[in-house]
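Below you will find one chain, with nothing else, as structure tokens; this is the form predicted on its own, and questions on how it binds or moves follow later.
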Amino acid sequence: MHNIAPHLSIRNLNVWLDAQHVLKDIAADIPRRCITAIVGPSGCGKTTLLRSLNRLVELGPNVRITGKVLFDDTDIYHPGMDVAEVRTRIGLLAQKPFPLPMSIYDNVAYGPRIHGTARTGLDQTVHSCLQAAQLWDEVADRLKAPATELSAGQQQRLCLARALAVKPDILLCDESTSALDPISARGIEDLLLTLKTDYTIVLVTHDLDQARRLADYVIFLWLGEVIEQGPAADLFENPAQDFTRAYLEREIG
């Protein structure tokens, strides 16, 4: 992991929401084609950090940002960056499934259509992305049915297929299993473990057990600051900071 250049490098990142200094001098590296878990108590800045990695944080009111996020050595906050391109290449799977009010097929085809994919290409994209999300066998005979008819677990897999359809390099997951039942949640976890061979995945989770199951690398946040980061096995089994150990043992937070 340490011999490969990081896919994202965060350097002196600060974020203010209104007058609140939410992220403070964040410095971290996101390893390529691994699952990185961002952990910490509620309100510590996990989601703000995640949404800073593809500039979605800017959609909120009164946001101020300083520092850099280097994506393959290019700063996504450089004034000349195409923000739409950043958000395409660094996709997001949100906390709750939000299928678009259209058919299963059109949900997956929505992004590629915007980018001008031809009809024949759309069919292949929809098929391959639904397969990657392990949903194809369940919906192949009803692609024109409304996506809202799917179960919550199926809707989240559909949202994953939709995210993959625009061919991102990095997938951000914001507590993407917290709204699901345990069986559906474990299905999404298994999918993420499969997908990391092709994608860099950054996962915000409040569930330390989930982080232990999935993460290759961990970033521990507390009150907007990085307390510790490193390979998951090292951080979970032998944390360098007493504060990290106390959090992992649920003595604080």
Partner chain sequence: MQETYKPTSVLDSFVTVGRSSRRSVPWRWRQWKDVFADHSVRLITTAVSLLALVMGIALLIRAWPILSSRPLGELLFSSTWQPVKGYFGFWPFIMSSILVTLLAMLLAVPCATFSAIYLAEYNHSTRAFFKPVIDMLASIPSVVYGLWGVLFVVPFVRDVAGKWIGETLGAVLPFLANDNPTGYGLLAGGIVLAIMVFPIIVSVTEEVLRSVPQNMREASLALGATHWETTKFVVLRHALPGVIAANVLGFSRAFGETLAVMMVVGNVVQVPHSLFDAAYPLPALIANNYGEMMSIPMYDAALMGAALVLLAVVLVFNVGAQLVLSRLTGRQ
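Positions refer to the first chain, counted from 1. As the structure is a prediction and not an experimental result, all values here were calculated from the model.
Missing here is the form predicted in complex with the partner chain; even so, the following discussion is about that form.
Residues Tyr110, Thr148 and Ala163 are all found to lie within 4.5 Å of the partner chain in the predicted complex, as judged by heavy atom distances. When contacts are judged by a 4.5 Å heavy atom cut-off, Leu56 counts as touching the partner chain in the predicted complex. Although the partner is absent here, Asp169 is not a contact residue: none of its heavy atoms lies within 4.5 angstroms of the partner chain in the predicted complex. Taking the partner from elsewhere, Leu92 is found to have a heavy atom lying within 4.5 Å of the partner chain in the predicted complex. For Ala140, no non-hydrogen atom is located within 4.5 Å of the partner chain in the predicted complex, even though that partner is not displayed. This chain appears without its partner; in the predicted complex, the one residue of Thr125, Gln134, Thr88, Thr117 with a heavy atom within 4.5 Å of the partner chain is Thr88.
Contact with the partner chain, judged by heavy atoms within 4.5 Å in the predicted complex, is confined among 125 to 133, 175 to 183, 73 to 81, 100 to 108 to 100 to 108.
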